[in-house]
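Just the one chain here, laid out as structure tokens, in the form predicted alone.
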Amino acid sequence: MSDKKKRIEEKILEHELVPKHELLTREEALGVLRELGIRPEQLPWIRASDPIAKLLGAKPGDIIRIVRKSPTAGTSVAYRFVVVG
């Protein structure tokens, strides 16, 4: 990958309209699932081919945390289960 393309992709993650995405470690993912009392496949899905998932290096079976700014709640946290595709 060229340096120019890499810089463009990094800027996408920093754009003000793109919420913060972070790939959870295995331990963090297990903690979230335990806290919510669910199995990973019960989370909303995101395909591994999604541009953000690709930028994060997410693989099927991983969980991504998405933190959005919310005018009513301050911040809103959501999780996505990475699936093949």
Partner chain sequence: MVESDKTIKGIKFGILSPEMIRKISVTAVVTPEVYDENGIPIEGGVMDPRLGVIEPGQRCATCGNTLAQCPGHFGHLELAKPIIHIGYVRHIFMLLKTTCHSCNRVKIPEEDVLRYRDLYRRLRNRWPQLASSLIEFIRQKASKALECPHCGSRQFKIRLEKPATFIEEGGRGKLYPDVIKQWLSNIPNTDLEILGIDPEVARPEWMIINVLAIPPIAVRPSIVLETGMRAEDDLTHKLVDIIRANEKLKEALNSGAPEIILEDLWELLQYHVMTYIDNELPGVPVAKRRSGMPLKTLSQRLKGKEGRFRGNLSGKRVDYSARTVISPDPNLGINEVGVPYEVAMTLTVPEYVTQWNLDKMREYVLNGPYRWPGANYVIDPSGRRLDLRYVKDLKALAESLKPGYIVERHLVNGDIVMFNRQPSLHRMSIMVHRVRVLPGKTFRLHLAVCPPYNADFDGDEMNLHVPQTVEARAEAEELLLVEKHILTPRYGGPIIGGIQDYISGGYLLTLKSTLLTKDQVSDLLATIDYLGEIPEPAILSPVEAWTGKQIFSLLLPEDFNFIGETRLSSGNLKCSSDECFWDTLLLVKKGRILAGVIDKTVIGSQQPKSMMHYLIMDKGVEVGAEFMNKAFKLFLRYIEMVGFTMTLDNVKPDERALEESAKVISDSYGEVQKLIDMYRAGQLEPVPGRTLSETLEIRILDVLARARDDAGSASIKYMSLTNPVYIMARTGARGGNLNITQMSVVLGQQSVRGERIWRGYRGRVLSHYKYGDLSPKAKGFVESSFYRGLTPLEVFFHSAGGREGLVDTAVRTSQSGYMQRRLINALQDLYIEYDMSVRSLYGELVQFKYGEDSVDPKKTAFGKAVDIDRIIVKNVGWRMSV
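Everything numeric here is computed off the predicted structure, so don't read it as measured data. Positions refer to the first chain, counted from 1.
The next section is about a form of this same protein that is not shown, the form predicted in complex with its partner chain.
Enquirer: Just one of Ala48, Leu30, Leu55, Leu36 has a heavy atom within 4.5 angstroms of its partner chain in the model of the complex, so which one?
Expert: Contact residue from the list: Leu36.
Enquirer: Within 4.5 Å of its partner chain in the model of the complex, do Leu17, Leu24 and Val67 each have at least one heavy atom?
Expert: Checking in the model of the complex: none of Leu17, Leu24 and Val67 is within 4.5 Å of its partner chain.
Enquirer: Under a 4.5 Å heavy atom criterion, is Val77 part of the interface with its partner chain in the model of the complex?
Expert: Answer yes; at least one heavy atom of Val77 falls within 4.5 Å of its partner chain in the model of the complex.
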